[in-house]
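Shown below, as structure tokens, is a lone chain in the form predicted on its own; questions about how it binds or moves come after it.
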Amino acid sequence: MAEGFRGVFPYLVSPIDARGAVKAEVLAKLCEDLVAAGVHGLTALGSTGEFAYLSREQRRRVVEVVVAAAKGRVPVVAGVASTTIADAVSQARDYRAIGVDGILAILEAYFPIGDDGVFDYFRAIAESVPLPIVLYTNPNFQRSDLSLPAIERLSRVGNIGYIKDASSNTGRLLSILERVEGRMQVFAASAHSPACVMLIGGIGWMAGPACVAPRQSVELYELCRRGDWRAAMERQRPLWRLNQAFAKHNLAACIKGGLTLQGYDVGRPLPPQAPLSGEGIEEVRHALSAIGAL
């Protein structure tokens, strides 16, 4: 959208039934409630959306449902992930035709890929669609990651305007901000303290936990935007305890478990991922109760 992306973009879950079909009504209801809670955008097919476990058809259906549910009220960013440039470009063009407002570009890799290959992959996605591109870097789970030199090169590609960095390294974020010189904006991940990232120049966060705590996340963002850092940190601390609970368990299982506690029939994470244990359910229940999200 013309004003650009900023604020809270929840990473949506992908509710799938026993037959492998997307639970469209459940996903649409979740999107509706998130928009009503004041989120600034919706991100489909991120890590919390289990993109690596979905078929091409399931991914496409998730995007269709989210775009329809958003009704143009907030921007929809869809994750594109592949091991090949050709497939990634095909996905990006398909999602643009459905009506997304931006692409979250993710590199899947089996064999390690050098900087030139990483650059070529993301540039190809950007050049395939006239949409804003958000780079996604998560070195804990990616075989080949975005180096600082690659990020700097990509920041010079016209429509690559954002990066979500999940490295849990605030120093790396400062290095990114210094190298891109304003050409690219930074979104925090749930592994960071969002208030800290906003303080050093971030513009919001794309994160799974915002699915289960949208109102609290938006309130934190608004405090940061106003520069009320004392109040922001008071709000940040209980939210961080929620992130710590998620860090102990499978992320998709935690978010789906939390949404189930809130009354959304999102189901379990896709096999072979394990569902949330009894202990995990109680930890998530306690963390959500502590922030008023149950």
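Quick caveat: nothing in here was measured; it's all calculated off a predicted structure. Residue numbers here begin at 1 and follow the sequence given.
Although it is not shown, the form predicted together with a further copy of the same chain is what the next lines describe.
**Q** If you check in the model of the complex, is Leu270 within 4.5 Å of a further copy of the same chain, heavy atoms only?
**A** So Leu270 counts as contacting a further copy of the same chain.
**Q** Is Asn250 close enough to a further copy of the same chain in the model of the complex to count, meaning some heavy atom within 4.5 Å?
**A** Residue-level check for Asn250: yes, a contact with a further copy of the same chain.
**Q** Any of the heavy atoms of Ala68 lying within 4.5 Å of a further copy of the same chain in the model of the complex?
**A** Residue-level check for Ala68: no, no contact with a further copy of the same chain.
**Q** Given that the partner is absent here, does Glu178 sit within 4.5 Å of a further copy of the same chain in the model of the complex, heavy atoms only?
**A** Contact check for Glu178: yes, within 4.5 Å of a further copy of the same chain in the model of the complex.
**Q** Though a further copy of the same chain is not shown, can you say which of Asn159, Ser147, Thr83, Ser90 has a heavy atom within 4.5 Å of it in the model of the complex?
**A** If I apply the 4.5 Å criterion carefully, the residue I get is Thr83.
**Q** Taking a further copy of the same chain in the model of the complex as the reference, which of Gln185, Ser193, Ser128, Ser155 has a non-hydrogen atom within 4.5 Å?
**A** Looking at Gln185, Ser193, Ser128, Ser155 one by one, just Ser193 meets the 4.5 Å heavy-atom criterion.
**Q** Select, from the options 259 to 267, 35 to 43, 236 to 244, 22 to 30, the stretch whose residues sit within 4.5 angstroms of a further copy of the same chain in the model of the complex by heavy atom distance.
**A** That would be 236 to 244.
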